[in-house]
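Given as structure tokens, the chain that follows is alone and in the form predicted alone.
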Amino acid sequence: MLDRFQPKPEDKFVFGLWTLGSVGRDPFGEPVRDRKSPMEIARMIADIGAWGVNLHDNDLIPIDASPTEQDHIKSEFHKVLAETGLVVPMATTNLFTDPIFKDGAFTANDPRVRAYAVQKTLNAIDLGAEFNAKIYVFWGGREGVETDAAKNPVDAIKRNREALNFFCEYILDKKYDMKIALEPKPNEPRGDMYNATIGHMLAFIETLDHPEMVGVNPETAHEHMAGLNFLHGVAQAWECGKLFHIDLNDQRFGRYDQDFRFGMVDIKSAFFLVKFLEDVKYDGARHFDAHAFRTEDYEGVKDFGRGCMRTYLILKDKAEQWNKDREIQSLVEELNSDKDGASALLGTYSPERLAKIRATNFDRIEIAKRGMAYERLDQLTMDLLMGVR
């Protein structure tokens, strides 16, 4: 029997080298899996049926590699991409692991650190361009403080803006076919993070010299760990035309960076997210920025990767079912029906509309009596997701 939940290239499923390549280290435990080369990880990603592979600069090339070593690694990676058919939709820079970034990168107080971060990022942008990455992501992993005595937050904003403006100009100067996506994270690894949410990032982008080049890369776990509604943030980014890339995983609310398999924890949130992406015809990469359990060997890591994609495809199928369900859609239609032609009173301001809305007599007591049937709609959704509808 044909399994219709197998990934296809048009699904644009992507894994980072750091995801399937995770050795299972955590703050309390040493690695449980042997480290694999970038070429081995890419072949694993291709083996499970994904479309693409994303990378940090140092996922592919060690930070202290010589020019000769760099050229050899890049040559080998090009061969693997040609062999497997994988593409590189997104690249990014590791500005958080090395000790030099202990006080941040672009917002660090030491100008030597900021200058090194710019130099490292320029090299990494060139690396991404070499592999035809169309999106360049910035996650400010150490951009923050443990004490507000350490930095003036206005200075931090200005330093961050200066760096982003520099990179936009560089991309334009090099004529790279590349846009930038900023990745917010409300919690960790600093005590308090700058530009912590999708909303912060959207506001910051509008202050840049080239806001048209910059969007966001929201991540499920980042929003869930802070108790935020990920769908709402994604929808705001989409409505602003700024959803350039997306990281999919799962996370228990209030916990720290679990990076679980997509849909593992909150299946209903995952469902409405998938439904939104499919309904609006989001055409970007669907990147699973997650990790297998520390209990797994590399066969288990492959199971994890396949599970991320399979869950997405099952939820995509459920979304199509939800959109076609007559009872559900009749409820949706009723909920959005135009009672007494009131929608004509709404819209763009005009003197005529102002006069009409002022002259209308609203029976607020009667209007308030209306039941919304949200309980019924939600249970129908649960029935559908649990396979009894």
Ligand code: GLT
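The first residue of the shown sequence is 1; numbering continues from there. Computed from a predicted model, the values in this text were never measured in an experiment.
Keep in mind the form predicted in complex with 5-thio-alpha-D-glucopyranose is missing from the figure; the text below concerns it.
J.: Honest question, do 134, 176 and 212 all end up within 4.5 Å of 5-thio-alpha-D-glucopyranose in the model of the complex by heavy atom distance?
T.: No: no residue has a heavy atom within 4.5 Å of the partner.
J.: Quick one: does residue 222 come within 4.5 Å of 5-thio-alpha-D-glucopyranose in the model of the complex, counting heavy atoms only?
T.: The answer is yes: residue 222 has a heavy atom within 4.5 Å of 5-thio-alpha-D-glucopyranose.
J.: So in the model of the complex, does residue 244 come within 4.5 Å of 5-thio-alpha-D-glucopyranose, heavy atom to heavy atom?
T.: Heavy-atom contact with 5-thio-alpha-D-glucopyranose at 4.5 Å: absent for residue 244.
J.: Just checking whether residue 139 would be counted as a contact of 5-thio-alpha-D-glucopyranose in the model of the complex - the rule being heavy atoms within 4.5 angstroms.
T.: Output for residue 139 is yes: heavy atoms within 4.5 Å of 5-thio-alpha-D-glucopyranose.
J.: Wondering, does residue 195 line up within 4.5 Å of 5-thio-alpha-D-glucopyranose in the model of the complex on heavy atoms?
T.: Residue-level check for residue 195: no, no contact with 5-thio-alpha-D-glucopyranose.
J.: Taking 4.5 Å between heavy atoms as the contact cutoff, choose which of 278, 259, 296, 126 touches 5-thio-alpha-D-glucopyranose in the model of the complex.
T.: Of the candidates 278, 259, 296, 126, 259 is the one lying within 4.5 Å of 5-thio-alpha-D-glucopyranose in the model of the complex.
J.: Only one of 170, 253, 96, 238 comes within 4.5 Å of 5-thio-alpha-D-glucopyranose in the model of the complex by heavy atoms, so just point that one out.
T.: Filtering the options by heavy-atom distance leaves 96.
J.: Given that the partner is absent here, state which listed stretch (201-209, 88-96, 117-125, 75-83) has heavy atoms within 4.5 Å of 5-thio-alpha-D-glucopyranose in the model of the complex.
T.: One stretch meets the cut-off, namely 88-96.
J.: Using a 4.5 Å heavy atom cutoff, which residues in 100-132 contact 5-thio-alpha-D-glucopyranose in the model of the complex? It's fine if the answer is none.
T.: None of them.
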